[in-house]
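As a starting point, one isolated chain is supplied in structure tokens, in the form predicted alone.
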Amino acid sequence: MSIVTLQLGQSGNQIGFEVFDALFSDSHCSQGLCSKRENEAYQASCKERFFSEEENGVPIARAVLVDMEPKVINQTLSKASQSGRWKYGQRSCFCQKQGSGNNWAYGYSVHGPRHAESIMNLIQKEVEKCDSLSGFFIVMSMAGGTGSGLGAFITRNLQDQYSNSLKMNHIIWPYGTGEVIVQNYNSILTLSHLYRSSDALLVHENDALHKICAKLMNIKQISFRDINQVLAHQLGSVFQPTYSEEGSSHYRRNPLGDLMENLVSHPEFKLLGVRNIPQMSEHSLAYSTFTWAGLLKHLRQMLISNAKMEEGIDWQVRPPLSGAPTPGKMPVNKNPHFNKSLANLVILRGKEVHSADLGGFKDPALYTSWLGPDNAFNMWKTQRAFNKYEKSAALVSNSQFLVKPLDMIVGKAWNMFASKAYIHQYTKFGIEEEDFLDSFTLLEQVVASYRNL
């Protein structure tokens, strides 16, 4: 089954390019550490998901590119075609001459209604090229205007027109120090609208990606491209093919459907995060060896201590002991840094993958009381190595990892709203104070629900 990717705004288009490039590079990598037959099956499965073939043999990304300014889309198209390995479709882009000025309301209320029909027509043409549609992967940021505002509008339209198809929004969480003065307004409006119309929100935080570039990749002057390549590597480690079941040599057909089924068991809990191990520069990789026991020990501790990378993990954090005293007798915040999960999916790729022991992720103490590990934990595997890593593991988690950042963004936006700062920039495009209040209410409920896991 195929996934149609929507690249929205500057950030969405730059990330989308790196994702397709990482998927293509990995599927055509000669270091897959598996048989030729297995490698060909892996390539075919990747292609069915993300690429369609053109007559001259160059694969075309199953994507629609949207931005309100032409510069980034032109650069993205040019980079893909210059690679000579894959490209975007000639009629899969929509751009205008005027951006959204970092204003969510302009993207949602002006560009959305004005251009929705043209954009939905492009999406329909892309869908018609798929033999079978798994769903939509929508790549956008939430701090600006086009990706966030127009992205929320298009996601709502997808919900109306493709109600039976899954929609996963990939969201870039802005730097805490701020890129845009109104980023907190744009963020709460984006999140609250997506919570109503998307099936899952897969979140990457810019601050965490920046740290990975600095500490693990040893990059001295970090560019957005560096950050996007780290992000693309993590997404590739999730979306590339894996076996459909233990002992099977068939690749799973419905990646989005399987992800949702494993991770999103309740409509109140839609926030997903990705962790990946190992991740390092090519130079360091040449001198490194890994065991499954070591990788999984680190990955489990990254989960429970809410660490985004293997360096600097807090090893003091422990899950609460089974048979601990009843909640009424427990001191409040006894273990404030423990990250409780609703559901986890571990994806293992590489050598001797069937010998990996995942027992540590089946501890009931990691999960909420109303969903045991049998339902809350899943694993996917393939012997085919990913992107030159002999062994690698990815963790997609529905957990409390975003409670603090979300609470902070809502708090900062509320402080601005209470003093009526910049509200006029939104009301003049039809977003009323009532819309802000609805967003605050919904997101405060999300924070409370995750806190009470």
Partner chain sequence: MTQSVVVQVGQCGNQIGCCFWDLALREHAAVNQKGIYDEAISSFFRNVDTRVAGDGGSIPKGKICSLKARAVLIDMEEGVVNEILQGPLRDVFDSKQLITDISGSGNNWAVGHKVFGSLYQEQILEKLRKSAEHCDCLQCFFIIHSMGGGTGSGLGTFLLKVLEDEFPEVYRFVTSIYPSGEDDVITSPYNSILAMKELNEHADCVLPIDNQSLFDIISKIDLVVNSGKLGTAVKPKSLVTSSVGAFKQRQEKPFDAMNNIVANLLLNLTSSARFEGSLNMDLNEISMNLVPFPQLHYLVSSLTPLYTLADVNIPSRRLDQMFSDAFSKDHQLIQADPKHSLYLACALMVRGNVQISDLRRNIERLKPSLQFVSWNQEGWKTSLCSVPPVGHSHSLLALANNTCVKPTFMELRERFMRLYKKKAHLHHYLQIEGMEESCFSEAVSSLSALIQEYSQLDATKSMPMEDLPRLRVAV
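Numbering follows the first chain given and starts at 1. Note that the structure is a prediction, hence the values are computed from the model and not measured.
The following text describes the form predicted together with the partner chain, which does not appear among the structures shown.
Enquirer: Indicate whether the candidate residues L285, E311 and K391 are all in contact with the partner chain in the model of the complex, with contact defined as any heavy atom within 4.5 Å.
Expert: No, the candidate spot makes no contact with the partner chain.
Enquirer: With a cut-off of 4.5 Å between heavy atoms, is L371 one of the residues that contacts the partner chain in the model of the complex?
Expert: No - in the model of the complex, heavy atoms of L371 and the partner chain never come within 4.5 Å of each other.
Enquirer: At the 4.5 Å heavy atom threshold, is Y42 in contact with the partner chain in the model of the complex?
Expert: Outside the cut-off, so no.
Enquirer: Consider F224 of the chain shown here, and say whether it contacts the partner chain in the model of the complex, taking contact as heavy atoms within 4.5 Å.
Expert: Taking the distances in the model of the complex, the answer for F224 is yes, it comes within 4.5 Å of the partner chain.
Enquirer: Using heavy atoms and a 4.5 Å limit, would one call N157 a contact residue for the partner chain in the model of the complex?
Expert: Outside the cut-off, so no.
Enquirer: Choose from 379-387, 163-171, 193-201, 74-82 the stretch whose residues reach within 4.5 Å of the partner chain in the model of the complex, heavy atoms counted.
Expert: Checking each option against the 4.5 Å cut-off leaves 74-82.
Enquirer: Can you work out which of Y175, Y243, F338, F290 has a heavy atom no more than 4.5 Å from the partner chain in the model of the complex?
Expert: Looking at the other structure, the residue within range turns out to be Y175.
Enquirer: Just give me the single entry in M120, V127, L358, V180 that has a non-hydrogen atom within 4.5 angstroms of the partner chain in the model of the complex.
Expert: Exactly one residue meets the criterion: V180.
Enquirer: Any residue of 438-453 with a heavy atom within 4.5 Å of the partner chain in the model of the complex counts; write them all down in order.
Expert: Sequence-ordered list: F440, T441, E444, Q445, A448, N452.
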